[in-house]
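Single chain ahead, by itself, as structure tokens, in the form predicted alone.
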């Protein structure tokens, strides 16, 4: 039976089968338990990992990354570029921006980066959940990274085909983060190895995981992947993921920024 013909309670259990109880009971009770399970599963997984001795990643303040004069100067330069191009990554968007320049400046100043990929260009189309509103400037951060890295090629991807563009050292492509197969098409269009991959797209755990699955196989040695704009309510998910990555291959960190958390992964081997 199509989901649209199901009652609200059945719709919940049929839509979230991973969390639905495999037991008898009224549809209302089973729906309530399904919602409860969705909310409790990752926090309980975190408790399990802690109880079995796994390291649970605590958040690192973003300012700690800019711990030298060289990194601070790089962060300031990148902030100026973000601001001038209209990106919200450094706080230029009417007080609604972030302080992500402290992280990106610190990462990029120590790398001779040649290839950067960002998922999410910042569409103005409010029909897309990932929109930046009418004041956003699609591709702003791509242009900032291009200007900050004078020899690098910068790649972008977005679900809104109407904002895709190509210009000097920038190329953009379609991707649907909820369709993991679309990353195969994107992967054929960008380099096999990337210095920095950023997820600033849909900001939902499934979409973030799709980027992570794709990105871990594309990072250069010592390359970084960053998941932006993580809600405090989702932090347990990323602490579980951090504890799950092989420590001999990747170093992961939870980063506390002004208005959100970030998940940072660096490839070690």
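Because the structure is predicted, anything quoted here is derived from the model rather than measured. Numbering follows the first chain given and starts at 1.
Another form, the form predicted together with a small molecule, is not on view; read the next lines as being about it.
- With the partner left out here, the small molecule still marks one of 177-185, 69-77, 164-172, 146-154 in the predicted complex; by a 4.5 Å heavy atom cut-off that stretch is 177-185.
- This chain appears without its partner; in the predicted complex, the one residue of 202, 33, 237, 212 with a heavy atom within 4.5 Å of the small molecule is 202.
- Listed residues 196, 102, 121, 81 were compared with the small molecule in the predicted complex; 121 is the one with a heavy atom within 4.5 Å.
- Although the partner is absent here, residue 126 sits far enough away that none of its heavy atoms falls within 4.5 Å of the small molecule in the predicted complex.
- Put simply, residue 116 is far from the small molecule in the predicted complex: not one heavy atom of it is within 4.5 Å.
- In the predicted complex, none of the heavy atoms of residue 108 sits within 4.5 Å of a heavy atom of the small molecule.
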